[in-house]
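Both blocks below hold the same protein chain, though in two forms, and each is given as structure tokens: structure 1 and structure 2.
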Structure 1
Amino acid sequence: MTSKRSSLVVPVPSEGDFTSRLRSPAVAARVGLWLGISFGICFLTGLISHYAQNGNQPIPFPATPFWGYRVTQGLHVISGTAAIPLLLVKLWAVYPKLFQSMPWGDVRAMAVTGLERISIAVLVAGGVFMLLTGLLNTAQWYPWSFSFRPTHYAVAWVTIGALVVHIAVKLPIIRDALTGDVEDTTHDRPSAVETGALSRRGLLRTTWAATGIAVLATAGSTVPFLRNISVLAVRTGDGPQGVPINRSARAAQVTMEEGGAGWTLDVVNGEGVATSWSRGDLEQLTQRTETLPIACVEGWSASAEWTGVRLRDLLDAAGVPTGTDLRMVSLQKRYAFGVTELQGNFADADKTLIALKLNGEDLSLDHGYPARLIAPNRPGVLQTKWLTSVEVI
């Protein structure tokens, strides 16, 4: 029985057991360069998105350019998608280092190696977590109990911190590998001598091709002319009235009856209702038409033609001064963002509308009938549907 159990034990490999010359710093550094660029773009655009969704903004998020959030959030998801094949190849290339023995007896070398391994462990764990949860977020599938946005934000800082430490520790090797020829063996492990079906250049070309295919297969969510070839895009421009939705009226528990004859939009200035508008009243006011995108945190976006009343006109009628922050209240009964904050610069923006029509037709219930907010350069989740009141904060 003892000998049978012993035969089932899988031996732990050593660094020398990995003989492919493709697992080289020359390969890892080149893939790592583009992986670092992808992580950097993803991190910076993620910070922009997080800030845009904050109610408390010491420096107001700008209302111009009206397409800005669409671009940054599209870049966020595209760079995150590109990072997936890059990370897989990078991990494959450096996998033997996991089994490298510690330089016992050399205190300085032990400290550097220990710091390197800790940073790599945090970087790999954080990178995998960010990419996996981000990918599931684009599909709006949340098989976890934690809140996605604050967790994603916190882990992003940890991951970028680990990336900076890792680059600092490995910078001499990275610099040598990038400035030398890809076939250079100066920093290779002694056992990395076996050639395979691919050369190092062949592996890199395959990696770039796989990354490009991954981007093309998903970028149609935000790049309209790629929609016919982006077979894995979570949104391709389809939806009610030609615009996708994340949350239907049914999911939000809003009915057509609530937006019927008894519905009013109240503009509350101070303690009481300053003005109250029925949909018919709103239709009698000067109508404006603006072409603005809906751009969502999941990376998809779509431009549409919106018609309605300029929000600033309603605020002027209620005596609300310029620069006033507002609270936008929805009829929705389920899920977050039933109440959102609208900073004064958005409220005053010429393009900000209380929309009544979409692409020339009355709003469908799923798009926020009887009235919704549409503002420039604003996350889609904050473009409040089924409006019932606008309140001065």
Structure 2
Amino acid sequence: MTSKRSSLVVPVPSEGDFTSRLRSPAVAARVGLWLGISFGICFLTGLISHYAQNGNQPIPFPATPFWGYRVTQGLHVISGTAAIPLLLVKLWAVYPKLFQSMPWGDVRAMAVTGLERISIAVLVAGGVFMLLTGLLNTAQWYPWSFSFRPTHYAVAWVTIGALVVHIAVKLPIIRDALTGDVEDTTHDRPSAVETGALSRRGLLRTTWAATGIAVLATAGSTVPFLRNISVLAVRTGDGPQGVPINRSARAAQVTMEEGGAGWTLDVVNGEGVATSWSRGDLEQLTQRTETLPIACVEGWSASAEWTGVRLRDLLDAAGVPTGTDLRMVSLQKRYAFGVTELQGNFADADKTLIALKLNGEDLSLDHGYPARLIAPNRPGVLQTKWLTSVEVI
């Protein structure tokens, strides 16, 4: 009876059933090195992006260089994309470990093995989660009910913590593997002896190629000269007036009438006194033109020529001293970031404009007509569109 039942059940493999000599620490450490580097870049650039979006900034996020956030957030998404082939090959190389038997009987060994396996489970779950949710976020696909930003941020800390523990546990093997020859078998499992279609060098070169293709196929969303070859990029970089949009006026429930004859931009100073300008009034003030990127948290970016009034000029007219933090209020009625904070160093930056024109034309409604904020080195979600008031906090 027992033997009959077991013959009907799919057998669970053991570590020894995996015989390819490619599933080796020599391969895993080399792929893991680049995977670790890409996770590190993702983590650091992610911290920058998270901080840039924080209302509360003990150390003000700098307004220079104007292209800074475009580069860090582009790098964030590019290195995350590069990590996808790397993670798949890395998990393939260590897959037999999933079927490693527990050292039953020896309590201390069981505790050590158990702890290590828990840390690996956390690392794999976190790593897959980060790349998957990040990828889906670039394509604005949210088939879950958790909030993306706090969850992606929190799991990043969990994943990096588990990665550091993993490196601590494996350090001697990593060091041996990376300093030794790729063909070295010192740390291989006894069964990992069979040569297959690919050599170890062949698998590594293929992995680097897959990683390079993944980057080239997607990075055009933010790297202009790759636009024509990035066939999987979520944005061509084109759109109304030459710039893509993220949130349409329809989605934000803003209409052309609201920005019509009755519209004014109100600047409310520290005493609560408002100074108001109609769009016609703003057009009479000194107009400045700045070339600044819209750099979205989802990793796409596009540079454009913005024309309008320097925000500092309006603040001077309204009696707002330099170094004052501001609240930017939009006409938008739906979604987050309808009210954002603009730190004093951004408000005072010469390049920070209340833009009225984009690439030589009046702003289209989807780009924030009648007026929008455009500031250097700032995440796209904070470049408030459909501005209605600017208030001293």
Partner chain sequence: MAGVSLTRSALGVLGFLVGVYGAYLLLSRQDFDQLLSAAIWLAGGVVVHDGLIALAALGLAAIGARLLPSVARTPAAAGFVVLGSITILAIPMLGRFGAKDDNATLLDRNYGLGWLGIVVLVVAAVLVASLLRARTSGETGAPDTRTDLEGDPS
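Here the rigid core means the biggest group of C-alpha atoms that line up within 1.5 Å when the two forms are laid on top of each other. Predicted model only: the values in this text are computed from it and were never measured. All residue numbers here follow the sequence of structure 1, with the first residue given the number 1.
query = Does structure 1 or structure 2 depict the form predicted on its own?
reply = It is structure 1; that copy is the form predicted on its own.
key: residue 112 C-alpha moves between structures 1 and 2 by 2 Å or more, core aligned   = Yes, shifts by 2 Å or more.
query = With both forms fit on the core, has residue 209 moved 2 Å or more by CA between structures 1 and 2?
reply = It does not, since the residue 209 C-alpha is displaced less than 2 Å between structures 1 and 2 after the core fit.
query = Does residue 132 show a Cα shift reaching 2 Å between structures 1 and 2 after rigid-core superposition?
reply = After core superposition, the C-alpha of residue 132 moves less than 2 Å between structures 1 and 2.
task = Superpose the two forms on the rigid core, then give the C-alpha shift of residue 103 between structures 1 and 2 in Å.
result = A shift of 3.3 Å at the C-alpha.
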